[in-house]
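Okay, here we've got a single chain as structure tokens, the form predicted alone, with questions on binding and movement later.
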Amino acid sequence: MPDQLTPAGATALASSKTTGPARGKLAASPAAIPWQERPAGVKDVVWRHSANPVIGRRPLPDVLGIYNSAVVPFGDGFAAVFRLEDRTRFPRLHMGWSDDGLQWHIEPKPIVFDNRPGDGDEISDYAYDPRVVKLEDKYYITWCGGTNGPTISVATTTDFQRFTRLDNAFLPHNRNGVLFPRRIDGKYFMLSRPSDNGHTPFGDIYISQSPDMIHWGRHRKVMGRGGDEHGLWWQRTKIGAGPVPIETDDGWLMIYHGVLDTCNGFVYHMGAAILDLDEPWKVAYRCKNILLAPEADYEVFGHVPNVVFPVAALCDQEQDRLAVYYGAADTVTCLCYSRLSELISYIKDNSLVF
């Protein structure tokens, strides 16, 4: 890919219409989520945005990548927490604002937290792969941060102007911390993937619960990697939760990534499962098929080739629309779409729980 601004990246940089101070109207009408109809002749249950990547690798000067980022409705538009990497390749979180979820104003300076929790432990400033969820009267940001190794960091905000960190949710080493959008039986729930200190060659999805967003326990395994015995290879190395789970009549829709180890490195794919509404550690349906594989040039070529990494989802259940943001090749930010009802049916019709 060319080492310069794409048209989407140029638009994101030039836009002055959607800046941080203009946001903050919590009671405003929600904006329509991004959407494109399925292209003619395409039969896949998930299809790509025609102008991907929606944000190119150089949205700001000296930025070399923007990917694996979270988007959430806010006011009459959208807010985002982006993973940006500059010429040091050190990952930081930056705020972004958009009226339509496609053209973005990205803050040039990283998020600054108004506190540093902990009792003597050094808290690392690195931050990557964020998720954002509206939960009761606050927005919660979770990301891979670190204290003595990578783990799940947590912060809150009400306006995306001031950010307060909580203590890290878990011990090292852990990644892909994803909160549910409401309490279940009075408890908060979070998905995660225990890992190691490197580029983990293993990983299963676990769920933990908390009465107060501070004390986390009752850790249960939700789903494991694997599938070789069933003739499935695409998720045999590791799996990890993606966007915030979506509540449906059939259960919690959990979009996730599944990784295959090959002779040329890891390959990341998009998959999905449906978890029980009341006991979300129980898998009701698990799609045996890949929903999206790295095939487009911007997914195959980049800083880390062959990566489709879903992180955020916007859902309009009345319109039966689902828009999923994903990182491509650890370089750019992309979008794909699906009809929610079709996706649920496809998962159920192609389910293999193991």
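All residue numbers refer to positions in the sequence shown, first residue = 1. Predicted model only: the values in this text are computed from it and were never measured.
One more form of this protein, predicted together with a small molecule, exists but is not displayed; see below.
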Worksheet item: Since the chain is shown here on its own, which stretch among 49-57, 285-293, 301-309, 315-323 would lie within 4.5 Å of the small molecule in the predicted bound form, judged by heavy atoms?
Response: 301-309
Practice prompt. Spell out, yes or no, whether the shortest heavy atom distance between Trp234 and the small molecule in the predicted bound form is within 4.5 Å.
Written response: no
Fill in: Asn68, heavy atom within 4.5 angstroms of the small molecule in the predicted bound form
yes
Fill in: the small molecule contact at Trp281 in the predicted bound form, heavy atom, 4.5 Å
no
Worksheet item: Do His94 and the small molecule share at least one heavy atom pair within 4.5 Å in the predicted bound form?
Response: no
Worksheet entry | Residue (of Phe113, Tyr139, Tyr206, Tyr128) lying close to the small molecule in the predicted bound form, criterion heavy atoms within 4.5 Å | Tyr128
